[in-house]
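Below you'll find only one chain, the form predicted on its own, shown as structure tokens.
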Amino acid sequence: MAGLLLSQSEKLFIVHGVQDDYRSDGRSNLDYRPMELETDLVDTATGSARLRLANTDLLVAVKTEIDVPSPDKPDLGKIEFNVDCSANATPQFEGRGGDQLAVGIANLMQAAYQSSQAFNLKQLCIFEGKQCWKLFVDILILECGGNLCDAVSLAVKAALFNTRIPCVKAILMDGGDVDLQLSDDPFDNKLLDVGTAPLLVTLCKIGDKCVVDPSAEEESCSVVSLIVGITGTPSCYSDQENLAEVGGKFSTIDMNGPGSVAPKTLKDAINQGIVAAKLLDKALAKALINERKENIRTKKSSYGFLK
């Protein structure tokens, strides 16, 4: 964080540790901090997730709305991201201090998910050229402890995995009008395919080397960071055996900070980001699938007229 106060001795200690592949918290340059993930927390949302990455804490809620598809993309649905920074997250967010950061993260997520190789927007189509689902992904940053972009992308993918869209039938009426019929059964819904949904990996350049998952202290010692969006691996989210492992493609790339990156450092950082994204996606898929199975196993029977 830009406003974090560190002495020159503390900064020098962090920089020298990164050069020796031993960071101040004991991690190597390729290690992430411990994470905690919960899903299905917001009853008023169709999908939600909360992620804690060390001192970084954020909540994501997904809501749905029926909309008209864009004329140039009649068979695609829509997805929109909104980021809100709590004033209690860090002193820099007081007043309107977090607005610029919030807009930057929202634009980065929008670019990552609009790639044709990333999230499949065709699954949101109800009636081509007439009606589609629009997903509103609201992200609330509760506490800021470094590496916001990676944490946001992980929480968003978890929330989309948890999202259940009501089943709807579209009937074409006379005159070209469309009549939509939503199912009355609250359990009559469909899950989203999030296998290719991208993850963001931040590579923070400190000295001559790059580290993943930078802490707030490490971010203050860096003059430039590279953020790469990597598409997910669908085979991690499927029960089918012998499914070809695809993914690991770019959906977006961005740089923050006034510094520069040499071509060789840029190439090495991109390869490092691809490896990190694949490992993160496998771990995320395993946690989400296990949680879904556990929820199904412990699900209580429904009673009353909604049964």
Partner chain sequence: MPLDYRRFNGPEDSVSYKRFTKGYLKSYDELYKESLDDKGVRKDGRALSEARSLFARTDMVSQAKGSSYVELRKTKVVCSVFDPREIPHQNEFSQLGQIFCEVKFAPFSCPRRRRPHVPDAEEKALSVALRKALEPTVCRHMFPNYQVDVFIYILENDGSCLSAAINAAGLALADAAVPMYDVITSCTVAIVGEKMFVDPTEAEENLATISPSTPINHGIITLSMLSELKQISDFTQVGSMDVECVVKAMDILDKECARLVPLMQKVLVANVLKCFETRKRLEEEANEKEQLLNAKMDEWKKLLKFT
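Since the structure is predicted, the reported quantities are computational estimates derived from the model, not experimental observations. Numbering follows the first chain given and starts at 1.
Form predicted in complex with its partner chain: not shown, discussed below.
Exercise for the section: Name the single residue among A54, L37, A276, I253 that comes within 4.5 Å of its partner chain in the predicted bound form, judging by heavy atoms. Expected result: It is I253.
Practice task
Given that the partner is absent here, state which listed stretch (210-218, 112-120, 161-169, 148-156) has heavy atoms within 4.5 Å of its partner chain in the predicted bound form.
Solution key: Flagged stretch: 112-120.
Handout entry: Partner contact for G26 in the predicted bound form: its partner chain, 4.5 angstroms, heavy atom
Key = Contact with its partner chain, no.
Handout entry: Close approach of S260 to its partner chain in the predicted bound form, 4.5 Å, heavy atom
Key = S260 belongs to the contact set for its partner chain.
Practice task
Tell me, yes or no, whether K249 is in contact with its partner chain in the predicted bound form, where a contact means a heavy atom of each within 4.5 Å.
Solution key: Contact with its partner chain, yes.
Exercise for the section: Classify L59 as contacting or not contacting its partner chain in the predicted bound form by the rule of any non-hydrogen atom within 4.5 angstroms, answering yes or no. Expected result: Result no; L59 lies far from its partner chain in the predicted bound form.
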